[in-house]
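One chain comes next, on its own, written as structure tokens: the form predicted on its own.
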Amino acid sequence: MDNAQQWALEDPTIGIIFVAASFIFFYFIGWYSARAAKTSTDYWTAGRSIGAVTNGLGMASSYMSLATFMGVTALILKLKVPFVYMWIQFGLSIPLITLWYGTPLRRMGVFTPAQFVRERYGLKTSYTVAMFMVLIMVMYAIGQMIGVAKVFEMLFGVNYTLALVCGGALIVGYVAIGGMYGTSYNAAFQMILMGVAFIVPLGAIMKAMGSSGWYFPPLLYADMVPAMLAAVPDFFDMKFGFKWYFALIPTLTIGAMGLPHLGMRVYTASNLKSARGAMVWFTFFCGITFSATYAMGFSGVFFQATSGATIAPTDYDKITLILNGVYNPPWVLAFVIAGAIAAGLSTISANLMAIGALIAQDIIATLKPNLDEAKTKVLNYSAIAGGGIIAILIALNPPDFLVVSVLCAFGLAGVTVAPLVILGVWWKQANRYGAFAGTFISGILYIAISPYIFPEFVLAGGLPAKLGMSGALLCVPLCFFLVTTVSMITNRIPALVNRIPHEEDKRLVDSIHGWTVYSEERYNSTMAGVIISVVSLFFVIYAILPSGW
């Protein structure tokens, strides 16, 4: 019996019923909710009407995805390490999104980071950022498409390609129909479904493994640690060098701050208080489910080490489903499969909405500002469908683990988007020359030194390169360095200063922070720019220097 057959459902009927019912429900929510969208702005921002709890659930659902449900557990199984330090970085990014730029951009009234870049740095830079952001969202969506295809593959017993095309088409359809209204309410429901389907069956798995803390899986698996150490003595060892762990900061913390589909959730809030409240709920739901991810990965390593079962590396992504298939009844596995698909759908929905908004609003609508509402609606649907088709085509030849493309997307967001938004919000001297140089040079370099473009031209190599960690460690500080240094230089060249609407930019910074009276000194320190440049240059050099990862 090959591995595909070994871990397949014997009778997929109940699983098909669960999944079919889920899709019918998602389509209904999308159709029903979208009726409230009267304009294109409503379509992309849900009329800025989403409440704090719903938005918090939607943010958490979009954030965690199948990379949490399946990808990270596969990485834990492969490397035999706990990835708690990875999720710490994700957790740090949550309040930073709100504190550093979410609230100011919400006050400004924009609904994508690229729109902020256009207002702050001009059209040329915004087009560059928009193209990078489309690539980021496609990379992110690829991982989710791969995960959904693998679940469909296991459920229906069909080959990967057919599973990918069918699953992808169903997803693109319900996202296009629902817009941000449907995506927001679907994501909230999907978070509840995902959380219950992930955590409750995990408790039954831990109980079957002999854990006395099975009743709260996210935190109470400590009684299994002695047995784990007996089976896998080095599981808790810090197997990597300091540089590996430090590289998680630019890859995941700063990277998450640059993801447009998270920023867009802030813009759908009904008001600033609601946006801040959503972040609190976001943190709570993420914390519970992230913690359960460790427990699931821990249980997977424990299962393989103690049961004698052999899981092929190509099936590592399925460890959540495999454990439920071994320890729980078929109907529970069917429910878990529905939860896994919900995890993928929630993130792909947000990815496709971000892609659609970038293409339709930040690129085409800027070039063709006078399109009527009917043509704009067709453009909205086409942009979402186009993003989905591209993701499906690229996912036909997927990486070994679905989490790879997701983490690379985080890194690219940290390189090309986050520095421009952070500095644009908090430092008046940042200008269009620095922003364009920073995002273009750093973004191209990040792509070039990945092992997927020029395999011989990589930084560090191995897993840090494959996951985008070594590239982000170099290119994130490089972008900060270029933005600050080029901005300070060009602000002092008379021939260039006259071409920069610098007074307008500086007043914009004050206004998005809520100041009604302009102050030249506020957010305008040259010394701050010098410090950022020096610190960034130090980390650029540190990234290049050889050391053990």
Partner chain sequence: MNSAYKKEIRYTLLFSVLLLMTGHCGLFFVAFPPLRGHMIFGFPSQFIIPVLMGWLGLMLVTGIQAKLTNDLDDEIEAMEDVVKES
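Owing to the predicted nature of the structure, the values given are computational and were not obtained by experimental measurement. Numbering follows the first chain given and starts at 1.
Below, we refer to the form predicted in complex with the partner chain, which is not included among the displayed structures.
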*Classify residue 271 as contacting or not contacting the partner chain in the predicted bound form by the rule of any non-hydrogen atom within 4.5 angstroms, answering yes or no.*
yes
*Answer yes if any heavy atom of residue 302 is within 4.5 Å of a heavy atom of the partner chain in the predicted bound form; otherwise answer no.*
no
*Should residue 515 be counted as a contact of the partner chain in the predicted bound form, where contact means heavy atoms within 4.5 Å?*
yes
*May I ask you to check whether residue 294 falls inside a 4.5 Å heavy atom distance of the partner chain in the predicted bound form?*
yes
*Can all three of 219, 246 and 511 be found with a heavy atom no more than 4.5 Å from the partner chain in the predicted bound form?*
yes
*Heavy atom within 4.5 Å of the partner chain in the predicted bound form - residue from 88, 309, 196, 312*: 88
*Which pick from 79, 393, 169, 238 sits with a heavy atom within 4.5 Å of the partner chain in the predicted bound form?*
238
*Among 211-219, 413-421, 329-337, 457-465, mark the stretch whose residues have heavy atoms within 4.5 Å of the partner chain in the predicted bound form.*
211-219
*Those residues of 283-305 which, in the predicted bound form, come within 4.5 Å of the partner chain by heavy atom*: 283, 284, 287, 288, 291, 294
